[in-house]
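What follows is one chain in structure tokens, specifically the form predicted alone.
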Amino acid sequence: MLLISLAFFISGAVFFAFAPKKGLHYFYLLYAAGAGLAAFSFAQALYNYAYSAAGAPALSFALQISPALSMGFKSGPLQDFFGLLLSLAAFAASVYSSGYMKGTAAPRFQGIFYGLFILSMGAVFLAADALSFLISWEAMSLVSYFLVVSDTESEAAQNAGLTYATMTHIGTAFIIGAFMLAFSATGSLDFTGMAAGLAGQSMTIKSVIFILSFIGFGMKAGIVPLHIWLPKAHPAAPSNVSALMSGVMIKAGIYGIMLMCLHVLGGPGAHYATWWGVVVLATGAASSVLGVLYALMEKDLKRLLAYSSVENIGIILLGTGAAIVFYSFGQTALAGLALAAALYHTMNHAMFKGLLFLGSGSVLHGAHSKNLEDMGGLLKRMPYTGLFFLAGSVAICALPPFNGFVSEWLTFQALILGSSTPLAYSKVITLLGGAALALTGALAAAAFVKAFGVAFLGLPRSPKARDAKEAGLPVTAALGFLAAMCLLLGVAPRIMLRLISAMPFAGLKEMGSAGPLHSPLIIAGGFSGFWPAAILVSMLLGLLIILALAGTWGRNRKITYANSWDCGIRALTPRMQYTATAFTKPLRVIFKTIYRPRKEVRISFKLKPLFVSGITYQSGITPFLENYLYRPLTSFVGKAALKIRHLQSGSLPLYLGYIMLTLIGLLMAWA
């Protein structure tokens, strides 16, 4: 099935390259067919791993480059899980693209590179050795860069692409350093060989590999403070690509962290350093809180969603960090709970963030703006987009019965149970992680009340919003599919937890095998539990009772339709509504130490000081990390480069002298 899926992707790329331009967008359906087949294949493999004693037949093949060098790819439970995540997101994005990308400026370029982007991400997840991984990783980074800068007339897109390319290649340098150190210690490029060779190595070497890996993969994942490329690149890309970048590509960073920390550096019987988990957990707490704080202040809908991705990567790292802490103390059951929460939220985020980014693309298509202040009243004009965007908003706010509630609830349980660890500082850090998650949940609710309320409710704030309309059937179908997945993963979590239990990590088996699929989730022998399906049934019963009572009491009453109460004003106008900026003003005041708000008031007079002709008010926040970390750093690098360039005199004898001095220095270091 995977070979047939690959054939669909190749044929799609060929059609995009050579078919007539008219109707070219329909060939995205070939990508959708390929992604659907791949999703079925990966799901079937995970099912076999979880339910069959024999497991699933492993996919393994190699590309021989030279007699001594080859590129290997193979499947496994962890690889299949991320392959399933990619396939589901790609299926929805491809169906969506068949309607959304109609009339795009560069249909051939967009179509070919879109397919290559999906294939390169799949190659990353299936790579069996460092060489295959790095080549696939670089292909994924380059293809996504070209998609980010595809709008050649936008200066913002070009600047975003430059920032993204710079940050991703710095991250790749750290990853190469980690792989080189692991190879020098083990003599193997294969991940399984690395894991076996590093089992007997000193904790110092393993800790250096951990630091290099966490920085390199964290750069791609968008952890704070390495996230600055993300809110620039994601809004610049087309919405179908943004959904894949945020829903899947940044998960390649999570995959790399799990691969290195839990497989290559961990493995069966390996000793984990507790401080590894503390670092991951603290980074997750900082990323989740700061990500949602900056999302709150955004008026650009896609930038808001991009910052929200930083927040959710932080939530995933909270679970991953807690798992490493628990593994270091031998508490495998708790580690399994924390890791299951992290993996579940990884899948959940791909679904609801894909839904929200695709929904934002539909809004952009209908209202011709990403600025929330230009929207309003879209629910009446785009009811399907509004309904599905609301479903995604409820899911990302971790409210039942949608999927975000389940994974964040599991993460809460793991962090609260961290009080059972033997060291005081690990107790404190896990409980502080729980507090950070609680604060993040509350702020996320505020952010998406703002996003949905300002965009879809009230009166239109611009003529374009007043004339907005749905983008078409393929767009609506894709949004509906992802909304259904969010609901399914929320009311039937046992299905996904059973598939997650196939992962080769201690403690995960118990999460999926305890009880039938319809039973409630029980944590730590009765510490806590809930029944997801019962929540949905209770909500539906409550709704039916309300409708029945309303119908009974109002059956014989005369129904009068009138305008809402407007305080005696003859007609409401959009200027009387809350703006996105006004909605978040209280939080801007509360967190002023972080935001460092700035405002500028200009008053013009007809006759100073009594007769005012106009007042202009502007406000904003200070980008703390950019102003106080990245700008000084880039300034230093620029000044250093200006000084170093004097070494490039154009003199060949001088260059030969440089080479000779370098060789002498290397020989002395070797000696």
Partner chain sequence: MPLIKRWIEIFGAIDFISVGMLLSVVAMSSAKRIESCLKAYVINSWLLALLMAAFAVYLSIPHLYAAAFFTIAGKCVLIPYFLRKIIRDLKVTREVEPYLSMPVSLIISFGLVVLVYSFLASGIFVAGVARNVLKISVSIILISLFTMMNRKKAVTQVMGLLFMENGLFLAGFSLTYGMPTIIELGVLFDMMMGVMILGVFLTQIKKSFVSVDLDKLTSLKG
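Predicted model, so just to flag it, every value in this text is computed and none were measured. The term rigid core refers to the most C-alpha atoms you can superpose between the two forms while keeping them within 1.5 Å. Positions refer to the first chain, counted from 1.
Although it is not shown, the form predicted in complex with its partner chain is what the next lines describe.
At the 4.5 Å heavy atom threshold, is residue 643 in contact with its partner chain in the predicted bound form? Output for residue 643 is no: heavy atoms all beyond 4.5 Å of its partner chain.
Look up in the predicted bound form whether residue 17 has a non-hydrogen atom within 4.5 angstroms of its partner chain, and give yes or no. No, residue 17 is distant from the partner.
Does any part of residue 3 reach within 4.5 Å of its partner chain in the predicted bound form? Heavy atoms only, please. Residue 3: no, not in contact with its partner chain in the predicted bound form.
Using a 4.5 angstroms cut-off on non-hydrogen atoms, would residue 23 count as touching its partner chain in the predicted bound form? Output for residue 23 is no: heavy atoms all beyond 4.5 Å of its partner chain.
Any residue of 618-650 with a heavy atom within 4.5 Å of its partner chain in the predicted bound form counts; write them all down in order. Stretch hits, in order: 645, 648, 649, 650.
Would you tell me if residue 20 moves between this form and the one not shown by 2 Å or more at its C-alpha, with the rigid core held superposed? False for residue 20: its C-alpha shift is below 2 Å.
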